[in-house]
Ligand code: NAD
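Form predicted alone, single chain, as structure tokens, below.
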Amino acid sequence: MSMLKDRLAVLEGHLARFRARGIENLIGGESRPAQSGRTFETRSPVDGVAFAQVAEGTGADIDAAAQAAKAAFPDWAAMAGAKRKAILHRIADAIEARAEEIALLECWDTGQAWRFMSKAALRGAENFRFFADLAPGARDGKALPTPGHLNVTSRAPIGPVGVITPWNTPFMLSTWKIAPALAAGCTVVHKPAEFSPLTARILAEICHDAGLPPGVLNLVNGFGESAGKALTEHPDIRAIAFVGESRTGSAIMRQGADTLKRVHFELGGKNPVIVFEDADLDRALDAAVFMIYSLNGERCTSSSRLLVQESIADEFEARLIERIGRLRVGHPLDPETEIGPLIHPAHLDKVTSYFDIARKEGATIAAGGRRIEGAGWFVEPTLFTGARPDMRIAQEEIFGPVLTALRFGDEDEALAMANGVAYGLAGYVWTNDLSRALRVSERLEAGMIWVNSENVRHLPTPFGGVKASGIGRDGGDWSFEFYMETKNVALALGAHQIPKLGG
């Protein structure tokens, strides 16, 4: 309890300026209110109390930010990669120096538990360092000779880009998108989720104070239907990187069509964790619990469907129910807390609506299934058993600490269940049979698969999904492929014969 009190006291010190002055936009290196003068409240999911007013940006603010990004682009794109590398490393240094502040604000703003958010800032710094080191070679191409020509490719940054980030782990995901854009030489207009504006402001300040030139990174707060829509339609924004719901991704594609915007989407998931009878059940249980109940279940890669082989299903589900009963729900700054409050009352209503859906569909609520009364937006960690693949609880993304368990007989049935949804982001396979692991991984319709592991992110590898889970890949050089244009120059070797017409 003393540690919780200490953290609350430190948090209040960091919140004081936002309580007093609100959260403004940052455009062209200057802190600005919304041009309309309008603001909206941001509330903590911990107690539901408003703690700051946020500038409500609209199309006018997006236009100002896009113009600032356009003006800053030529010099930033022309800057030597080694100089961009140095600036991005200074940003990483500053993130590490303010890691505790970032983590505290993230917990208060999103409801995520300290045990996870205490590492989020450091992951953000790691993102900046990783892409900083790639910046000097970002423009590098290939030599592709033929008998008559030498083809030489090169890359150049695409231009000003829009980055729209979600409310779940917003700081880390913002760095995941913004760092490679800056390393590539692009300028950025960032529109964070309206539910979690705090750490986006911190990141913009850090970048500015670390020497990022004015206009290279611009921040506009606001709502998706106004500020977000204006960003996706703006003619000077060449590409949109978005993390969020699949239906929002569809809307962004429509909105960006007239200006032929390039899009990169990291969208929803209904990811399976498949446990075969020969698996290490202790480790599989740890992973299944971790991947759905950590981060409040509010993560795109959560293993929200448990597919367990019939021969071990009774035992595995019984052990799972016992583990769920021991999960600690509480204040996110309490070091003992494993699950905090959900982000917003509207999201809480969505998650809890599936309790009635499960009952009506004939599933069993084997654990949890209730909202926790009192201040804040808390819900019990929940398990549905006796589910069928066609049930809504097995098809739709709930995005909370809710797991749907299904049973399968053999490998083919497991794959039919796993692939029988609209999504295809991630999959988790538990088996000690290497041949089976390879067969199942090959046939799973997912962009990322972890075998005998939880989600462990390796930055050089591609991250992204298929079907309704996204377009494109992040990570390593895949990020540069999105933020850059490739040019080919073909040079004739010797006396290349040109066909004659009219000679």
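Quick note: we count residues from 1 along the sequence shown, nothing fancier. Predicted model, so just to flag it, every value in this text is computed and none were measured.
Not pictured, yet referred to below: the form predicted together with the ligand.
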| item | value |
| --- | --- |
| Contact check for Val275, Leu307 and Ala394 against the ligand in the model of the complex, heavy atom at 4.5 Å | no |
| Partner-contacting position among Asp334, Glu101, Asp236, Glu245 - heavy atom within 4.5 Å of the ligand in the model of the complex | Glu245 |
| Position in contact with the ligand when the complex is considered in the model of the complex, options Gly81, Gly224, Gly330, Pro389, heavy atoms within 4.5 Å | Gly224 |
| The ligand in the model of the complex: contacting segment from 363-371, 168-176, 125-133, 407-415, heavy atom within 4.5 Å | 168-176 |
| Heavy atom of Phe378 within 4.5 Å of the ligand in the model of the complex | no |
| Exercise: Gly268 in contact with the ligand in the model of the complex, heavy atom 4.5 Å | yes |
| Non-hydrogen atom contact Thr352 with the ligand in the model of the complex at 4.5 angstroms | no |
| Non-hydrogen atom contact Gln255 with the ligand in the model of the complex at 4.5 angstroms | yes |
| Sequence-ordered residues of 449-474 touching the ligand in the model of the complex, heavy atom within 4.5 Å | Phe463, Ser469 |
